[in-house]
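Presented below, as structure tokens, is a lone chain in the form predicted alone.
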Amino acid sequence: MSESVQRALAAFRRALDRRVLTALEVCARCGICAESCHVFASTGQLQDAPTARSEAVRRLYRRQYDPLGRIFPWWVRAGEATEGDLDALSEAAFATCTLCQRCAMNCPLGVDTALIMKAARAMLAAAGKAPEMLVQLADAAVARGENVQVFREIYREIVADLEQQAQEQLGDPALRISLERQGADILYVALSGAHTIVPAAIIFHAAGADWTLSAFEASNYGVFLGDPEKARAIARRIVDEATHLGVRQVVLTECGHAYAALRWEAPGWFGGEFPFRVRSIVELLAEYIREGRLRLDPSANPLPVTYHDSCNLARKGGLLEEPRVVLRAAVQEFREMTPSRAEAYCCGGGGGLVAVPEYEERRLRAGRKKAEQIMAAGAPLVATSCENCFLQIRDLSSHYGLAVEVTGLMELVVRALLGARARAVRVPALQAA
């Protein structure tokens, strides 16, 4: 047995908690999960069915842990792990499964294939068979946490430029973006790039929020790798920052996996609940609208809009109504996609796929079901609240000739907010004339 296979099996052993064991043991091989998977629904290939993917892991599991598999491996279709098996499993776990859990929702026994695939990813990462891009992104995030002083001063200069952009866009020089301000109510954690900072700054300022910006980015590629040590190290940066600053809330930008990781998984990594709330910006947008803290003019968004539910925010996170509160207030015409909410199909870009260039052809092929849904909705504008979904749907539009534009909820809210402000100035001027 090679050294990498030994590392893989050791990582597999560490990943075998009660939930994974249940998922491995109770599958009835009925195949009902197949139609629920966006990959199988798009390709029709048997190897793309969830049960087929998980059987590759069960084969290794039975050989190591099933008494019959140890003695009569041929009897239970068990087999020794080989380098070739791990290479094949890498394709199944990283390239054709986005960990969206739609199959688990539709399984009569509740078998969670995503948990099995996460255990497989942990094996493969330990064996050095994870996509190199995901490894590099996770390592870069860990390094940023270890050398934060180097990044902080550079970032402060970038934030000053972004503050000016936000002031100009809103037309209000009083708008401020503070970085890691002690005692703020909200610590806002963005992604790399102005597109998740400038709109948020405008919204927070308009709502009168007491907020400050994190020095770190929200994304957690350790989760995509199934590497608990890296995932924990990346999350720790934000947990320690929030605790040090004494904030009451950590608010994550429009990023599905970042929310799922910090809201639902991270408390378990650190032994319990945090001394602060973890929320998505989508929740805050809905809250501000319900409380009347944002004056919006939906006529600023006149085109029909449909909404793609991020798997991490909707199916896993339960944020079903909040984005619809935002859309009903910010756009003139909202059209539901079918199916939607918890039953929404994955766009095909989740689970880290959209970050791996060599998976482009496969993720576009797997996105056919989502492309059909978008086309059926008949709206020229697709809103979503996840960076990975945004990138994937933009690529799907080009690949399938959908001719749609993709936008985030914050961008729609800012347009409606600026529209309301412009209208408030224009109407008195007309009345005076």
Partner chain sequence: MGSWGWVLAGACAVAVNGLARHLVLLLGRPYRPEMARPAGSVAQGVLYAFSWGMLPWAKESTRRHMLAYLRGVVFHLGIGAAFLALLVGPWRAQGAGPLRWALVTLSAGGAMAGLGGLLARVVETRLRRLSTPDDFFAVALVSLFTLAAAAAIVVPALVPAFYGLAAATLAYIPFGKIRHCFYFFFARYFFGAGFGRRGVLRWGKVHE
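Only a predicted model underlies this, so the values are computations on that prediction, with no experimental measurement involved. Residue numbers count along the first chain shown, from 1.
One more form of this protein should be noted, the form predicted together with its partner chain, which is absent from this view; the next part is about it.
> Each of 181, 257 and 414 within 4.5 Å of its partner chain in the model of the complex, by any heavy atom, yes or no?
No: none of 181, 257 and 414 comes within 4.5 Å of its partner chain in the model of the complex.
> Any idea which of 188-196, 333-341, 203-211, 235-243 reaches within 4.5 Å of its partner chain in the model of the complex, heavy atoms considered?
That would be stretch 333-341.
> Could you check which residue among 32, 391, 377, 371 gets a heavy atom within 4.5 Å of its partner chain in the model of the complex?
Exactly one listed residue reaches within 4.5 Å, namely 32.
> Under a 4.5 angstroms heavy atom criterion, identify the one residue in 290, 77, 156, 295 near its partner chain in the model of the complex.
Selected option: 77.
> Does its partner chain get within 4.5 angstroms of any non-hydrogen atom of residue 105 in the model of the complex?
Yes, residue 105 sits close enough to its partner chain in the model of the complex that at least one of its heavy atoms falls within 4.5 Å.
> Is residue 221 close to its partner chain in the model of the complex, meaning a heavy atom pair under 4.5 Å apart or at it?
So residue 221 does not count as contacting its partner chain.
> I'd like to know if residue 401 sits close to its partner chain in the model of the complex, meaning any non-hydrogen atom pair within 4.5 angstroms.
No, residue 401 is distant from the partner.
> How about residue 264 - does it come within 4.5 Å of its partner chain in the model of the complex, if we only consider non-hydrogen atoms?
Contact check for residue 264: yes, within 4.5 Å of its partner chain in the model of the complex.
> Are there residues in 2-23 with a heavy atom within 4.5 Å of its partner chain in the model of the complex, and which are they, in order?
Those in contact are 13, 14, 15, 16, 17, 18, 19, 21, 22.
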